[in-house]
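In the form predicted on its own, a lone chain appears below as structure tokens.
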């Protein structure tokens, strides 16, 4: 009875605490917050310590444009916490932002948060403690591959294999699910941020132009391609000359970017191939029929589905709203908090 009373006055929350973006799903309302996982810190007067001056979209607009006393950082790295204190404050900020409705969080919420498959128990404990310190009443963890599969609407409880590849900002998660559990799960630190870094390094080395994170991401979105059939033409970009230090403008095209990113795509495909090699034969037979599903921001990269299909022979489906799949899957898991399902990764 008491639990029913709590559920009436409080709202359960699911959080995709990603390296690039934090997405919040509130039970009964769906996804209501999607902001960059960025925090702007300013040096306190006197030079002792730093204080938070902006979070999320406000912090991202400052990226690469701040004076010396302000830093814009990502407190999450490769899907796990790099700065515990700042992550705690970032979660507090997002929870407070959701509290505009009086009914919301009249008591501390129960929160489900996703974690990378390859994260250690220490890293998982850090995420859980950070959410508790931010004001949660109870925190449960779910592995990203499982959350992505739930959010994509895959039949995870069925006695047949479902395969999901979630390409986020910090990690690429590969999971094979059957009977409500992960038969295979692996996480590699090759994902969207790595693609941005390689684009930036390539343009500096090949064209002598220095660009920031925001520009690299925009290049990826506008002309990034993983397959020759999806090349998107040219794009003019501006930055600073690496040799003269003066503003400079160049034109690059999809073909040269695709060739620069070939090794990155090869590593993603190698992770998928390894998963298929260790999958039990009965489940492999299911995958021939079911194929694999791409989720995460990386699923939006042009031609990646075509490339994976060519390299593995499996049909590749891109999930509806791939960016939101993990958050939605965490939201689905909210319904099973009191069940003995295999979805949740319980840490005492």
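Remember, predicted model here, so these are calculated numbers, not experimental data. Positions refer to the first chain, counted from 1.
Heads up, the form predicted in complex with a small molecule isn't pictured, but that's what we're talking about next.
Could you tell me if all three of 20, 169 and 296 have a heavy atom no more than 4.5 Å from the small molecule in the model of the complex?
Yes, the whole trio is in contact, each within 4.5 Å by some heavy atom.
Looking at 64-72, 298-306, 285-293, 25-33, which stretch has residues with any non-hydrogen atom within 4.5 Å of the small molecule in the model of the complex?
In short, 298-306.
I'd like to know if residue 109 sits close to the small molecule in the model of the complex, meaning any non-hydrogen atom pair within 4.5 angstroms.
Although the small molecule is absent here, residue 109 would stay clear of it in the model of the complex, with no heavy atoms inside 4.5 Å.
Would residue 217 count as a contact of the small molecule in the model of the complex, using a 4.5 angstroms cut-off between non-hydrogen atoms?
Residue 217: yes, in contact with the small molecule in the model of the complex.
Does residue 323 make contact with the small molecule in the model of the complex, using a 4.5 Å heavy atom cut-off?
Contact check for residue 323: yes, within 4.5 Å of the small molecule in the model of the complex.
Does the small molecule come within 4.5 Å of any heavy atom of residue 221 in the model of the complex?
Yes, contact at 4.5 Å.
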